[in-house]
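Two versions of one and the same chain are coming, encoded as structure tokens; call them structure 1 and structure 2.
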Structure 1
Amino acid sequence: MSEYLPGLAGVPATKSNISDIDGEKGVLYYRGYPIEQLAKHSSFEETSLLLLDGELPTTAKLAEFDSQLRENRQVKYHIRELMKALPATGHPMEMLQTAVASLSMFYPGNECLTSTEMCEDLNYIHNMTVKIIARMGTIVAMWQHLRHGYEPPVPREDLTYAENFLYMLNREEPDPLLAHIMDVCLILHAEHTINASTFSALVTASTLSSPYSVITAAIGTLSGPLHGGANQRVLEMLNDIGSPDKAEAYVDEKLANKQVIWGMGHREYKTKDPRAIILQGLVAELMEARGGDVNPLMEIALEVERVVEDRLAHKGVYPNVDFYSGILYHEMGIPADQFTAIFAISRTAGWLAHWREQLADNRIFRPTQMYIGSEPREFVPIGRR
């Protein structure tokens, strides 16, 4: 192919059987299962194992995987001390990238990747996967306390992944509904084909770099506002708008200036993101449980969605996953700058599933370019320029 396509739009970069999207119909599948069914019937632990192994696990396999995750939640005190040395004003995604990158120094185990031969040790791959997924939630929750000068709580093995994360974040056992909502959010964000951060993970994996480096690269990519960082920007946007009656003028001004309306539109979907539909329903469920009062930000969001649909539906621009996730996390009492870090906790399952798939048939990524620079020319000494 000699045609230049900005952003590699529509260019197949790999083959995968992990997830699939039908953008015209607004459908997302994990290993062939619709996201709606997984959100309703599964758990983050079960969905993670589905993504990793390819099939829904038996009761025994799920119990073993869940037990392994619980047993690996703690991190060495060295990690905690390293995090204490980071600036308290640092963004959680910057902290997360630093902490995950350091894990390989404290938890060695990359022997499988020291040669040019592809790693075929599935036990090694599984064990590394368990350790990384288990510790992601711990690290993100620890930062919430460390950046304020307090020691973080110790992870608990008697709680589910979602329950333990909320417990560590707030120092108290979560309300069952909040734990359920967090579990569903983790499922929804766990995988989404070859997006920017997953592509970063694949490129890094193809060099046989360590899985810690693979996840570190993906975290850096996810942190950008055009990817995972958009959910925080959505909340800031809604606060800037201030009230539903100002939404129309805000949207029209942004469109007139060709500026981004955060949380709107997706490269793949030409209709409303199926994850956004589920998240919107979770916001409604939480509001109903709290007496039916509508979050003011939700009222603004609904009006923004209405206006955008009126103006841009013909172009296939609808809410994406980031549009309602920020409102939901805000209503759960989670700081806005932690939104994308929670995204990373979840997406680690998908990144590692792609890491495993890449190793199974590895070839280093080496795309070409179209050179548009100067023709060959002679060097001119500095005194003659």
Structure 2
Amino acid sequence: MSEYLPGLAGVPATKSNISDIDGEKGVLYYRGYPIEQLAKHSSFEETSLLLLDGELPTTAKLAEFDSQLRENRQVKYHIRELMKALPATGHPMEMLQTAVASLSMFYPGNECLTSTEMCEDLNYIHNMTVKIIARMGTIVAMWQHLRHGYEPPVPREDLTYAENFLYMLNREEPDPLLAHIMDVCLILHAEHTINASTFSALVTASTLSSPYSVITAAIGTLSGPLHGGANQRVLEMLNDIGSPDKAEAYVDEKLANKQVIWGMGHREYKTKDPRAIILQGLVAELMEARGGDVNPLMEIALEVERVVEDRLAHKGVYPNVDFYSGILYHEMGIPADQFTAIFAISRTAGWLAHWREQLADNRIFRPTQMYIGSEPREFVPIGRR
């Protein structure tokens, strides 16, 4: 038996072509392309197809994928009715897990994979992938209205993924710069090697469960506070701080008490998270475009950033992708409890790329345990215990 390593830390659980991290240099690659280049030149639609297929698509392939995504944005009205039956107080991640689990009932023919032919049927896999990615944004945006008692807007086919998502959230066409920022956020969150939620997707996929089950499991795993959810906490922290002049004392007190400052540092990167650098640039761009007329929390965030970099940069701790995505989403008027759901929309592209890779060379995940429990013993009748 191999050595027991808690959390399987350092244990290779899969061979993968999809993404790679160079933590020393602070580089993240999707299919070999540095994330900076994708953020600059690509779109969420193109990046999704790159993650899924392994290559940057031709004009024709991208156009086909994009139009499939647009056509599949609608969800059946029965799903809307189901969502109306959910308590308005529920967290968007709980709603998302429930709604995605229900999709396999609403769209039959996509149940468990029952043969090796199905695992190798790239048409089937592609179609499932399109349908799930397309509907994630719709479901998250619909909930924003349904939970307040209003009918959600109908998705539009004439907008990009990012534009339509913001349109559905706010019932108006988004400012082009904000739509661009959302598109970049979706690119940056789409994939990050084999973290807990992606691993969870692989384990569920390995029994040839349906892709809806795979994404449902991954959403549940992402929802845990040790994984997703940090960007929501960044916003709560900024609200706690209250004003820019209190940021320095807040950070120093947290550091002195060895408490968490949300949105700081990342175990994979010894230097600054490359995604954070990109988002930091977008924050600056937005500040400039607005002539400084941004949400008050932005000023608190910039002050927290300054203090943290001053105190912790020499230890390799910098604001991470969650820090900046939180303040950018807030600037778009998105409530903090939706942030992890947006992460899930984007990461669905990566999860499904890993699903496809798992099916291509599947082996059920069945590790062993170290049994450390009781020796065999005799049952004792209840009267004699």
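Everything numeric in this text was worked out from a predicted model, so none of it was measured. Whichever C-alpha set is largest while still superposing within 1.5 Å between the two forms counts as the rigid core. Counting starts at 1 with the first residue of structure 1 and goes up one by one along its sequence.
Only structure 2 is derived from the form predicted in complex with another copy of the chain.
After superposition on the rigid core, displacement of the C-alpha of A247 between the two structures amounts to 2 Å or more. With the core held fixed, the Cα of H314 is displaced between the two structures by 2 Å or more. With the core held fixed between the two structures, E151 has its Cα displaced by under 2 Å.
With the core fitted, the CA of I261 sits 2.4 Å away from its counterpart between the two structures.
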